[in-house]
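This document starts with one chain, in the form predicted alone, laid out as structure tokens.
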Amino acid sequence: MILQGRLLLDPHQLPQEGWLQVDNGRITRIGEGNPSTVPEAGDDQSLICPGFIDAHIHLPQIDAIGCDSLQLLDWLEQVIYPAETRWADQPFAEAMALRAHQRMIRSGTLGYAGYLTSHLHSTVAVLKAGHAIPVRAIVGQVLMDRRAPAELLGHELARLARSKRGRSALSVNPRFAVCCSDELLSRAYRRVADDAFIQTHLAESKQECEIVAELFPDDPHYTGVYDRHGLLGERTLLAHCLHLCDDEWQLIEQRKSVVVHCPTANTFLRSGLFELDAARRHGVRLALGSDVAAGPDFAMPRVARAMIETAKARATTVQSDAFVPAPAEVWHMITRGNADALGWHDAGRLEVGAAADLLVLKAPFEVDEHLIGRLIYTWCDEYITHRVLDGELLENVKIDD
């Protein structure tokens, strides 16, 4: 398969006119100018870029977007736990998992790290969805054993050994320390396979931090709870991290864990403004996530825009010299940066040998030094004219719901 267009090889540079060839799910050739054969997709006015990657999303929450005027813990109790309880019905869970994949690819997200519900069959649901629409995924059951509805507690855990099925890999996902006892956190550690990721939430709201301090009074801080149970490592994804002290930032850096910034969700739930300067100062690995449904947008360019706007908000209200990332930097995060954070060093890039998860775009403006900024600030899914997933054009896959 041949794709033609201006190639976004590096968001810090202008795209190059050219083409690329895809065979057996991989980019096999990249050339300049016009291809020698008629392309299957694109033309000399198109843009070709890697598919977007979302480092934090909740599949069961896709219909809970916009339930406003609540903060985190009340929002979980009144909106999210009822939504997740509906996944007790396996056919419903399978339909929802498929629809979540459809909604992601509609917005150009072709890889993600995510959460299911606590039901064992939620893993079956996502594996079936991944077979129908092979979005690359790291995904796991939510683990809880207290402070949540009984219907969501005490479920059997999926076996993780050799857990990769197609393009989906299962992770261990203790929801957050508020809902996890010492015994469950210890069990979570014992269930981690050598190549499995851990996904959890950390210090999203001040109220949550206060409860954790009461539940785990012998630990020095919230991050220390996870560290005591062996849950911090290079394959740990820590969502939010809004209310951390310096010792916690240092511990996260020492363990080489990944902090997943979720700017749209933080604003929606009024949880706080992420301290990007603290993450940079401590050299912490960083990724970017939509956090649907607290985050209202599936489209990662809009999440990237929110990252810039959050940094600008801090610079205008809290810290006048706060670092504000450029559009090219956040575009890098939603492609190659997030891919690297998830251990996918063959994704999020246009290179020979890379996975062919690609987007062909047609945007209504000139290609100049402001291209990436224009894409981020004006993004709409209609810019996408073609999607290539695992080397195949998605012409026959439903992308509307």
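Only a predicted model underlies this, so the values are computations on that prediction, with no experimental measurement involved. Just count from 1 along the sequence shown to find any residue number.
Omitted here: the form predicted together with guanine. The next part is about that form.
The stretch that touches guanine in the model of the complex, counting heavy atoms within 4.5 Å, is 68-76, out of 106-114, 68-76, 90-98, 181-189. Mapping the unseen interface onto this chain, His229 falls outside it, with no heavy atom inside 4.5 Å of guanine in the model of the complex. Using a 4.5 Å cutoff between non-hydrogen atoms, Trp331 does not count as a contact of guanine in the model of the complex. Using a 4.5 angstroms threshold between heavy atoms, His261 stays clear of guanine in the model of the complex. Guanine in the model of the complex is approached by Ala294, whose closest heavy atom lies within 4.5 angstroms of it. Every member of the trio Gln61, Glu204 and Leu269 reaches guanine in the model of the complex with some non-hydrogen atom inside 4.5 Å. Contact annotation: of the candidates Arg175, His119, Arg167, Arg235, the single residue with a non-hydrogen atom within 4.5 angstroms of guanine in the model of the complex is Arg175.
Residues of 1-36 that come within 4.5 Å of guanine in the model of the complex, judged by any heavy atom, do not exist; none qualify.
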